[in-house]
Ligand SMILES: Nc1nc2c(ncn2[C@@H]2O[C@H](COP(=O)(O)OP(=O)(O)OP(=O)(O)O)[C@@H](O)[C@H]2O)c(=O)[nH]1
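Before any questions on how it binds or moves, here is one chain, the form predicted alone, in structure tokens.
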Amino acid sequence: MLEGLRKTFAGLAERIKTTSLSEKDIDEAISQLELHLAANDVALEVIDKIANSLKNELRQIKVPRFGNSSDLIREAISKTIQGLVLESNPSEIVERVRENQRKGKATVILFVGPNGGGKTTTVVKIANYLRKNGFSSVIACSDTFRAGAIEQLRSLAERYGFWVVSQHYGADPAAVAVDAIRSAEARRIPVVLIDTAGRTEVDEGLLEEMRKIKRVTRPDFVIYVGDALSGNVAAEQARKFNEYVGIDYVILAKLDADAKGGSAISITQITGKPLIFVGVGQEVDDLDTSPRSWILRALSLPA
């Protein structure tokens, strides 16, 4: 997992660990680093930020006499990555649910993202996370577009004991979501999770559909779910959803299977929105609540 980036940063530390870290040495090393970052799906604008930050950090390293600076370089890389990967604590969602519950109001969370990115599985994982924190959920199947979407969600959700509200294919997705919210409030269920449609290519029609659902349901949070395996595409799609719909948080699914790692570094910088979870496996509990720490461990960097 994230093997490409891990080797890239390890290679930087190895390349310059015993040099005097002159300006020329640093420039040459960073130039090589930039090529490797691009090859591992780091967005170009983020490569520039990494390069500038690392140059500043490396200039401040004093190489010990008769020693090497490998650990110091790894710390500099870690500091740079920590500064780039924005992160939010999931307790923000838990606190909102608790606050709304006191007011007798359901907390509504809208999930958006492209087709095939792991959105449906992630919705069930979030329902499981909330259940562990004492809150039950209703899941709205507002994907009335993709063949098999309703059956997929029902099968997965009901396996873990979650209630799904759905209608027929071709139904108005916003109407399904509103139905789920009304049902939740009537039964005093504190959370509504809205699973929406995606497309292989994000188009204007899909974005308008998401806008409508958001306008009608007035969600507490909008969460973009991206596929880590799609690399730069995930970051660009997230940018588009944020521009057209507006998102609050990002979840990267399938990060454990990502051999490169570029999307994990790029996506929060591209959107300006923090990671709140990362998907690190196929089981319902495989949802990491500390994305930045998980990424640093995967890159073998100090936290």
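This structure is a prediction, so every number in the text was calculated from the model and none was measured. Residue positions are given as counts along the sequence shown, with the first one as 1.
Note that the form predicted in complex with this ligand isn't included here; everything after this is about it.
Chemist: Using a 4.5 Å heavy atom cut-off, which of 76-84, 139-147, 216-224, 98-106 contacts this ligand in the predicted complex?
Modeler: That would be 139-147.
Chemist: Sort through 273, 239, 254, 260 and report the residue having a heavy atom within 4.5 Å of this ligand in the predicted complex.
Modeler: By the 4.5 Å heavy-atom cutoff, the listed residue in contact is 254.
Chemist: Looking at 128, 121, 232, 166, which has any heavy atom no more than 4.5 Å from this ligand in the predicted complex?
Modeler: The residue in contact is 121.
Chemist: Any chance residue 16 has a heavy atom within 4.5 Å of this ligand in the predicted complex?
Modeler: Because no heavy atom of residue 16 falls inside 4.5 Å of this ligand in the predicted complex, the answer is no.
Chemist: Please check if residue 291 has a heavy atom lying within 4.5 Å of any heavy atom of this ligand in the predicted complex.
Modeler: Flag for residue 291 set to no.
Chemist: Is there a heavy atom of residue 90 lying 4.5 Å or less from a heavy atom of this ligand in the predicted complex?
Modeler: Residue 90: no, not in contact with this ligand in the predicted complex.
Chemist: Please run the contact check for residue 281 against this ligand in the predicted complex: heavy atoms, 4.5 angstroms, yes or no?
Modeler: Residue 281 belongs to the contact set for this ligand.
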